[in-house]
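For reference, the chain that follows is the form predicted on its own, supplied as structure tokens.
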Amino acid sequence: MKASLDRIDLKMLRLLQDNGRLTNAELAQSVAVSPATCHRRTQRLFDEGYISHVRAVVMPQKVDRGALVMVGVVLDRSTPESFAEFEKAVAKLKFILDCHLVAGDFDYFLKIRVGDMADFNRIHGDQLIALPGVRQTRTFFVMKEVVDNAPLDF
């Protein structure tokens, strides 16, 4: 990765990761290049996939999604077909923020935001256990978010 990025590109990535609302002029001034050069470099960072998208971080409590739940999922079969079927189905569920295939006691970990425990109970009974191939789930209600969505260190 770093072979094709110079120190200016890396500084731009760090600055944008910290504040995605920087204007092109502010970013250009911060990295000591012209606005035109900054715009070309920023566009290249998008085009080459270093930046996938920019979005606002919404405070979950402000939109009645204050409860964070992690769910470990075990599938009944460990085959490429069962993994693909589960992944296709889980990608359609809007309440799932993250889904990760993992090694260890579980096949997947899901990160879910809900309003409260009753909200999760409804989702669990209606949709989670009905996902294809699910043999077992284990639920972890987050008591405190110590580090969440920290910026990448590079």
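Just so you know, these numbers come straight off a predicted model, no measurement behind them. Numbering starts at 1 and runs along the sequence shown.
Just so it is clear, the following notes concern the form predicted together with another copy of the chain, a form of the same protein that is not shown.
Enquirer: So another copy of the chain isn't shown here. In the model of the complex, which residue out of 57, 118, 36, 129 has a non-hydrogen atom within 4.5 Å of it?
Expert: When another copy of the chain is considered in the model of the complex, the option within 4.5 Å is 57.
Enquirer: Would residue 70 count as a contact of another copy of the chain in the model of the complex, using a 4.5 angstroms cut-off between non-hydrogen atoms?
Expert: Residue 70: yes, in contact with another copy of the chain in the model of the complex.
Enquirer: Any of the heavy atoms of residue 85 lying within 4.5 Å of another copy of the chain in the model of the complex?
Expert: Although another copy of the chain is absent here, residue 85 would stay clear of it in the model of the complex, with no heavy atoms inside 4.5 Å.
Enquirer: Evaluate residue 32 for contact with another copy of the chain in the model of the complex, applying a 4.5 angstroms cut-off between non-hydrogen atoms, and reply yes or no.
Expert: No, residue 32 is distant from the partner.
Enquirer: Does residue 135 reach another copy of the chain in the model of the complex, with heavy atoms at most 4.5 Å apart?
Expert: Flag for residue 135 set to no.
Enquirer: Can you name the residues of 119 to 154 that have a heavy atom within 4.5 Å of another copy of the chain in the model of the complex?
Expert: Sequence-ordered list: 138, 139, 140, 141, 142, 143, 144, 145, 146, 147, 148, 149, 150, 151, 152, 153, 154.
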